[in-house]
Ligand code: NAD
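A single chain, nothing else alongside it, follows as structure tokens in the form predicted on its own.
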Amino acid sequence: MARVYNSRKRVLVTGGAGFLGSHLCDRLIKDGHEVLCADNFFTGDKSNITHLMKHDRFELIRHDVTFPLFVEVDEIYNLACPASPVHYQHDPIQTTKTSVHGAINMLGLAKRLGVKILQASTSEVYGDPSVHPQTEDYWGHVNPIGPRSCYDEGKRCAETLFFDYHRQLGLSIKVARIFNTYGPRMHPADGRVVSNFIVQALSGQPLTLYGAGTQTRSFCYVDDLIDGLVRLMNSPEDVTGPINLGNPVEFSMAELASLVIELTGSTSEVTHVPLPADDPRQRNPDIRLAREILGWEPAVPLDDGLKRTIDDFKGRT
């Protein structure tokens, strides 16, 4: 059973040494909670959490969520899964296992303890959308057998499991559909467009644009996203989600490339290469539910967030 000693909670963050996970650990420590960070370090990095290692309310365990975990906690944030195409396509079978077996194991832990569990789902559940912007009631347009399917369908199956545990067993769940997020501690080789462009611009290489660069994304700064996750976890019991969390301001890839070149002061040019398979043409969240239910919306403009992210990348080179 969940502990009820005081308002301080012991919170499990799976994937806690990753980009998003490490920022979530920071926020939970700042809020006064104890944090148990679990990570197998496939894409996570100890450097992301080095500053927390001596904190008396932080604990790290090396663990792969495809195996059961037996701990005592009051809440669970399930963030464990490679999230960039480069990483999740490296071992697609393991990616699917992480989403599906990981969800089963963490849901089982939450059931045993009787605690709330939040699933970090993704905008990828919408696939290459035929509805724009994407609302939570849109079922998606996803290729089930393509090179991105290990991630897309793995996350879709995880959502299915979460809602079946909720309906069948009464488990308290929260599901967040996370749209493109960027910020300090992004892996420089994760293949995502923001990190790609920044690394290329800082090194004077040409910025790689897929296709004509007209495909669009919305970019949410990491601090805003983490605030949304915490608000969702702390929302009333009947708020299960799924709820979109992302920035509704849309940019083309060509616009992003120009902005990164400007902010880095780079002399890099732009080169065009063919579009990868199943690459979505548009991706933009409808965040009306987040605004209405959580009182949440992004506050950090792209210019400001990119400046902070560029400074972080400079500090690591």
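Remember, predicted model here, so these are calculated numbers, not experimental data. Heads up: residue numbers just count along the shown sequence, starting at 1.
The same protein has a further form, the form predicted in complex with this ligand, not shown here; the description that follows concerns it.
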Find out whether any non-hydrogen atom of K174 is located within 4.5 angstroms of this ligand in the model of the complex, and reply yes or no. no
Quick check on G15: any heavy atom within 4.5 Å of this ligand in the model of the complex? yes
My question is simply whether F179 lines the interface with this ligand in the model of the complex - judged by any non-hydrogen atom within 4.5 Å. yes
Would you check, heavy atoms only and a 4.5 Å threshold, whether N247 touches this ligand in the model of the complex? no
Of K116, R192, R231, R156, the only residue with a heavy atom within 4.5 Å of this ligand in the model of the complex is R192
Heavy atom within 4.5 Å of this ligand in the model of the complex: which of Q205, Q94, T240, N143 fits that? Just give me the one. Q94
Taking the partner as it appears in the model of the complex, which of 261 to 269, 285 to 293, 39 to 47, 26 to 34 has residues with heavy atoms within 4.5 Å of this ligand? 39 to 47
Hey, with this ligand in the model of the complex, do V65, P82 and Y151 all fall inside the 4.5 Å heavy atom range? yes
Going by this ligand in the model of the complex, which residues of 94 to 133 come within 4.5 Å of it through any heavy atom? Q94, T98, A120, S121, T122
